[in-house]
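First, one chain by itself in structure tokens, the form predicted on its own.
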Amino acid sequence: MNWLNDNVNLLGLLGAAAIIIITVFVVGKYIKQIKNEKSTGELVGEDWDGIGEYKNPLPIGWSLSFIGTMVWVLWYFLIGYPLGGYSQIGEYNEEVAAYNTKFESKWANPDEQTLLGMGEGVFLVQCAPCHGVTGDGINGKAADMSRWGTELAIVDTIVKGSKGMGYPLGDMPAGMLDKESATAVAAYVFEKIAKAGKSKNSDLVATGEALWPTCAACHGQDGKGMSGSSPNISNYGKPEFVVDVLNHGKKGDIGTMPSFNDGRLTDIQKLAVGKYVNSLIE
């Protein structure tokens, strides 16, 4: 390809040539003035070690150069390259968007087995480096996925607190309830709020319901998080709960899990990860 056929290259060459010509002209002009002219005019009141400063007006050439530069910058970014021309980044973004559209169309209605396989692939690449290949959290370094979605995990969260998800109501402090009370609340949340299944402590559900107002202050009476002010735990134990965490990200003990709401994963991939994480529950 003849690189002179590229409009961007031609524009660059013309700009470089113009700069060289103007530079030669201006430098020659000032060298001539230095040789032949003496400075005159009104001095400002201050001087620095005998060196004064003239009250000279701004040179017309400088003013025109500044205005011209601003006009060129606006033209360049609003009309010219890169917004109005080819760029590798733009081509890459178009290819990614086209691929994601094709991907979502192809996997719009995947069956359960396909979702689990897709989720496992994403998990091993994106999640396993911190949570471990088996999702066990690598000896406590990260959340143990085999307990996520269980009543025991709810108890741990109430007792130890939860932080780093960036909800408007802030982090959940530790020690809001003792372990016995937390166990009762976990039974109520699991069976009545999330409806994730029959609680292993069904006899404590009524007690948990009586203690629920402590949690409802942030999560809402229905556990849905009061329009995004706090986590929606009515989805607890379901793939959608995992999707919420992926979208928000989380600050953990070994670093920050980024939000995957930036286009790295499609909605179907997030749901697939949620399905796979749920399959790890022991």
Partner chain sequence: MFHWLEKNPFFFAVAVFVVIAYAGIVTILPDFMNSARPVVGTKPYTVLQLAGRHAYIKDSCNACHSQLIRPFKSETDRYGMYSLSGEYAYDRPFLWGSKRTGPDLMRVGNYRTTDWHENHMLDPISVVPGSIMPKYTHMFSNPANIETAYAEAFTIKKVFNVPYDKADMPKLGTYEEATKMALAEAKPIVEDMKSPEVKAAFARGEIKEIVAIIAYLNSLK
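What you see is a predicted model; the values in this text were computed from it and never measured. Each form is matched to the other, and the largest set of C-alpha atoms that superpose within 1.5 Å is called the rigid core. Numbering follows the first chain given and starts at 1.
The form predicted together with its partner chain exists for this protein as well; it is not shown, and the discussion that follows is about that form.
Shown here without its partner, the chain carries E112, V159 and K179, none of which come within 4.5 Å of its partner chain in the model of the complex through any heavy atom. The single contact residue among L152, I138, A210, A174, judged by any heavy atom lying within 4.5 Å of its partner chain in the model of the complex, is I138. Residue-level contacts in the model of the complex: of K251, H248, K238, K224, one residue has a heavy atom within 4.5 Å of its partner chain, and it is K251. Contact annotation: G255 falls within 4.5 Å of its partner chain in the model of the complex, judged by heavy atom distances.
Although the partner is absent from this view, A206 stays clear of its partner chain in the model of the complex, with no non-hydrogen atom inside 4.5 angstroms. Under a 4.5 angstroms non-hydrogen atom cutoff, its partner chain in the model of the complex has Q126 among its neighbouring residues. Taking the partner from elsewhere, V133 is found to have a heavy atom lying within 4.5 Å of its partner chain in the model of the complex. Heavy atoms within 4.5 Å of its partner chain in the model of the complex are found in one stretch of 164-172, 187-195, 88-96, 67-75, which is 88-96. Fitting the two forms on the rigid core leaves the C-alpha of E91 displaced by at least 2 angstroms between this form and the one not shown. Taking the rigid core as fixed, one finds a CA shift for E240 smaller than 2 Å between this form and the one not shown. A change of 3 Å or more separates the two forms for E94 and N247: their C-alpha atoms lie farther apart in the model of the complex.
Compared with the form shown here, the C-alpha atoms of N247 and T101 sit at least 3 Å farther apart in the model of the complex.
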